[in-house]
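Below you'll find only one chain, the form predicted alone, shown as structure tokens.
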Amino acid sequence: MSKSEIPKNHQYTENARGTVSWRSPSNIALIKYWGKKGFQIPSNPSLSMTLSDSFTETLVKYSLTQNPGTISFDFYFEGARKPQFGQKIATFLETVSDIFPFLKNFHLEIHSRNTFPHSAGIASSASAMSALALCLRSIEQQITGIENENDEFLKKASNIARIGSGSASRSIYGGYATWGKIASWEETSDLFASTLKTNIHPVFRDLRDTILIISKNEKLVSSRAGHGLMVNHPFAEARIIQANHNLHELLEYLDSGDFAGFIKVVENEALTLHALMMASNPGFVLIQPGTLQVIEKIRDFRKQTGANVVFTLDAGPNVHLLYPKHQTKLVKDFINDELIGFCDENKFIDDKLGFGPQKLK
């Protein structure tokens, strides 16, 4: 048993009431994880860029429960009860109760809010589950009075976040993060994410991400269901080989500053993700006509101007447009002139490479 774990017969005589709060960002995967093996283990390693302004804020009030031995919580999303989210959280808390035995001795009042649409393919589960995992780690520290080293704190939070949402494991870290065992990197793991420790060329240290909201509606097929359809998928093995190849290429481009190589890999990964969805059984389509039109306009714009712009997609219709900070005016003029009409209610989100979660309370 590690020093941060609480024995199941622990008597909670002090610190039996309190409040914690964390802000945790979404992320956009550049190398996609799609498909699982075992329990929340990725079929292939992934690499993501942590965002700055697309985040979830979660506040948890905890107090001793009147009914010890069971999971007890109330969940509010943006001030209202959300039963569909509550069931997911109940399953998550039950699953991690062996890691956090205190959960069956405390009642949690959970309040959460997003700065961006949920369930629309902008990795809201990544920010939400990472924020909740960080809150649980903080509660554990307050109850036990045991302070962990920051690396240990984050590693365990990443492992816990992974149980709720695989991509949430990466949102625990700022900058660029990987999740999944990379054969040549000893510090990588299928159980938690880690910060990308290789050199990052300056051109990739100030990337902007404008998220074009093609649709803010909840997607028809969840990512969890989509991952499940990778079992016995006809292209599953080829995808694992492709993902590992693309990962190693992307690491080279991030180091060297090769933006053309970066574009090639990132866009290939985005299109492959949705091709896998369409080739599933049953197949499903999350992109929309506007998504495809925006992609073609981005490619035409790049060809005409030579601008370093690259598109990527998460598991949804919305388009992430990545570009260096110094090209912001050029790209924003392009968005306002040619792309905004494809956006739901003319909405888009301006974001950028971020530095990771922030403890609020």
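Everything numeric here is computed off the predicted structure, so don't read it as measured data. The numbering used is simple: start at 1 and walk along the sequence shown.
The following text describes the form predicted together with a small molecule, which does not appear among the structures shown.
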Task: in the predicted bound form, Leu273 touching the small molecule (heavy atom, 4.5 Å) - done: yes
Open item on the list: Taking any heavy atom pair closer than or equal to 4.5 Å as contact, tell me whether His227 reaches the small molecule in the predicted bound form.
Closed with: yes
TODO: Using a 4.5 Å heavy atom cut-off, state whether Ala29 contacts the small molecule in the predicted bound form.
DONE: yes
Task: 4.5 angstroms heavy atom contact with the small molecule in the predicted bound form for Tyr62 - done: no
Open item on the list: Quick check for you: of 191 to 199, 160 to 168, 249 to 257, 209 to 217, which stretch puts a non-hydrogen atom within 4.5 Å of the small molecule in the predicted bound form?
Closed with: 160 to 168
TODO: Could you work out which of Ala315, Val309, Leu51, Ile335 is the residue within 4.5 angstroms of the small molecule in the predicted bound form, going by heavy atoms?
DONE: Ala315
TODO: Could you spot which one of Thr178, Ser112, Ser223, Thr291 gets a heavy atom to within 4.5 Å of the small molecule in the predicted bound form?
DONE: Ser223
